[in-house]
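The chain below stands alone, shown as structure tokens; this is the form predicted alone.
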Amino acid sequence: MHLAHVSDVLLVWAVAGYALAMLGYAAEFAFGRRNAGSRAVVAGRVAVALTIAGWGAHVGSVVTRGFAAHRVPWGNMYEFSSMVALVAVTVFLVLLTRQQVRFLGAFVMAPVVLYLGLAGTVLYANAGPLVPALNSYWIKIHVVAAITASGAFMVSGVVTTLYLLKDRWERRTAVGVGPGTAAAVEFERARGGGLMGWLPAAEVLDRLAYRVVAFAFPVWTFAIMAGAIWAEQAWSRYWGWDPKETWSFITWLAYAAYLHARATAGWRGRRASVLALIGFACLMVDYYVVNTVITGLHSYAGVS
């Protein structure tokens, strides 16, 4: 019980760190608009430090939860949600080490804070043993893959949404400056172009969203395959069109259509992005609606 309490406290600190980081990223944008370069840089660096601190507290929360429950810490919706949010922040931090993506900070932290807030209140479950059906080594394989893919899909959903907003804005950019070019971005920043002027070109966002989905999709594919193998061991059949299986497959189809359209039909931009957002919407149905509303063999939410 003591470790479970420590886990809960660490999660609160993680949420606080992420929320303050979100404000820091917003402050960087605000200072940047006012051409206060040094203040913007300081705000951005502080925001990154707060993100890392929140990430550390989050990792501590997950680890202590596992020790408190004497099992892997992803056996119900509360724990799964915490892990998905942790993966999303991890993906953002990894991208931050490779590219200039600090502009994503506030937009990634916002859904993470919301996700964890929902997990810690509505979806919260006390630490306890696994449901007997989940007591298998496959929970360390199938569920980890699903968590990893879901966290990455969350980041891709954020980037895709920003792309659609930026693309719409670029189409309305000033006459005489090429839409989507670096000159257009600087021009609109100088005019006070607001948030859209602060974001990179739509093409950059589109490419970033594609790369994240390209990473997450094979992981999701593996999760479905591992789940089928586990289902054969647990229920003596690989596939039974259970609601969770069905919506996982629908999610797979949506993202497969997105990648296929880009690779073969040459789809770029808005048409492809709509497919990606459909995939993310299917993922949310697969997670929230199927787990809390629809009864099936995968009803292990732990929510009373």
Partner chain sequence: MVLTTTEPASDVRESEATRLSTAPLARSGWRHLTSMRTALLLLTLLALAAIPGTLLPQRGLNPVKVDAFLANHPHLGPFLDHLSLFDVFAAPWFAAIYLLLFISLIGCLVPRIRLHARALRKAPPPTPRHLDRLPVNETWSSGLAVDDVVANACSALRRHRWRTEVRTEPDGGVSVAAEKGYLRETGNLVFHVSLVVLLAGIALGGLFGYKGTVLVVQGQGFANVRSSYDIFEPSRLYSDSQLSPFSFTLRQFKATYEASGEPRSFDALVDYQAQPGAATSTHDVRVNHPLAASGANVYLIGHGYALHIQVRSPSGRLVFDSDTPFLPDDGMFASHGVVKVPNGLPHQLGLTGFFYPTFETTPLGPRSSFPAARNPVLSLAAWRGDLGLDSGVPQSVYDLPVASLHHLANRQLSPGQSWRLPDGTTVRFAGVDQWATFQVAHDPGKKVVLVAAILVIAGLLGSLRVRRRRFWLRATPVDDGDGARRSVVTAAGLPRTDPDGFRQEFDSLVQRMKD
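Everything quoted here is computed from the prediction, not taken from an experiment. Numbering follows the first chain given and starts at 1.
The next section is about a form of this same protein that is not shown, the form predicted in complex with its partner chain.
Partner proximity in the predicted complex, defined as non-hydrogen atoms within 4.5 angstroms of its partner chain, places exactly one of 125-133, 160-168, 69-77, 84-92 at the interface: 125-133. Contact with its partner chain in the predicted complex, defined as a heavy atom within 4.5 Å, holds for exactly one of 270, 39, 45, 237, namely 237. The listed set 115, 107, 217, 198 contains one residue whose heavy atoms approach its partner chain in the predicted complex to within 4.5 Å, identified as 217. A residue is said to contact a partner when one of its heavy atoms sits within 4.5 Å of a partner heavy atom; residue 55 fails this definition for its partner chain in the predicted complex, lying far away. Interface residue remark: residue 100 is not counted as part of the site for its partner chain in the predicted complex, having no heavy atom within 4.5 Å. Although the partner is absent here, residue 29 lies well away from its partner chain in the predicted complex, with no heavy atom inside 4.5 Å.
Mapping the unseen interface onto this chain, residue 140 falls outside it, with no heavy atom inside 4.5 Å of its partner chain in the predicted complex. Each of 225, 249 and 257 is positioned with at least one heavy atom within 4.5 Å of its partner chain in the predicted complex.
With contact defined as any non-hydrogen atom lying within 4.5 angstroms of its partner chain in the predicted complex, the stretch 87-126 contains no contacting residue.
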